[in-house]
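Only one chain is included here, represented as structure tokens and corresponding to the form predicted alone.
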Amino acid sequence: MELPLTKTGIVGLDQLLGGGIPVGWSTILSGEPGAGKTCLSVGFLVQGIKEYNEPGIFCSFNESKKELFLTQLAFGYDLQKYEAEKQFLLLDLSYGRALGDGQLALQQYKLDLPALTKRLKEAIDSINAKRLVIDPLTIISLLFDDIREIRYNMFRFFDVIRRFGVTSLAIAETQGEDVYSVEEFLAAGIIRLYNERSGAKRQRGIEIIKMRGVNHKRGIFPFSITNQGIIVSPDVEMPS
């Protein structure tokens, strides 16, 4: 029996994924700064709205609503328009960035894990969302003191999100090319983005590290960020 899939709608990406991301699963979107994580995740939400009538939530611990709306407009993503149509909702928890500490952000909003999941559920129900982005997931781990607590509560968090009936992308910073975070080990899928130097320029690349139950393409493939959003080239593997 084949898994039902959520198509990303991003040009070329669904071909890499073997059709899409399994419905209800949480996938880690990881990469170094400047690799395009936020743009790709917003594209996942916007294409869901435009192509499949699937409303989306962006939970931001990093960028404020004003910042996100402004920066993503340059890539053709008019988030204000979708918000007005009640197809998009930004859960802005970015207060802590000014403090320089994500844990303080959660404290400022009096959020522990149950309170955060309650906020997410209320946001999801308010627009009947089918897609969710969390940026970055790493901040949640700051609520806990040791690796066992982090593993247990991250597993719990992914399970709760799955029960909400949304397909989610959770953004994480890369710790090294062959180093994987706790979040990546626990998630059902990992999409990794690269921003490799080639001479005087940089070339962005994308790789599906894992996607349980899906026959996805293997290798690193080029992608570009245009004023019409993300374009992946699934037939041109990057040289190693």
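In this text, residue numbers run from 1 along the sequence as written. Owing to the predicted nature of the structure, the values given are computational and were not obtained by experimental measurement.
The form predicted together with a small molecule exists for this protein as well; it is not shown, and the discussion that follows is about that form.
>> For the interface check, one of 140-148, 71-79, 123-131, 157-165 should have non-hydrogen atoms within 4.5 Å of the small molecule in the predicted bound form; which one?
In response: That would be stretch 71-79.
> Which of these residues, G205, G36, G189, G43, gets a heavy atom within 4.5 Å of the small molecule in the predicted bound form?
Replying inline: The residue from G205, G36, G189, G43 that makes the contact is G36.
>> Looking at I220, I225, V11, V23 here, can you tell me which has any non-hydrogen atom within 4.5 angstroms of the small molecule in the predicted bound form?
In response: Here the answer is residue option I225.
> Is there a non-hydrogen atom of N62 within 4.5 angstroms of a non-hydrogen atom of the small molecule in the predicted bound form?
Replying inline: Contact with the small molecule, yes.
> Could you tell me if E32 has a non-hydrogen atom within 4.5 Å of the small molecule in the predicted bound form?
Replying inline: Looking in the predicted bound form, residue contacts with the small molecule include E32, since a heavy atom lies within 4.5 Å.
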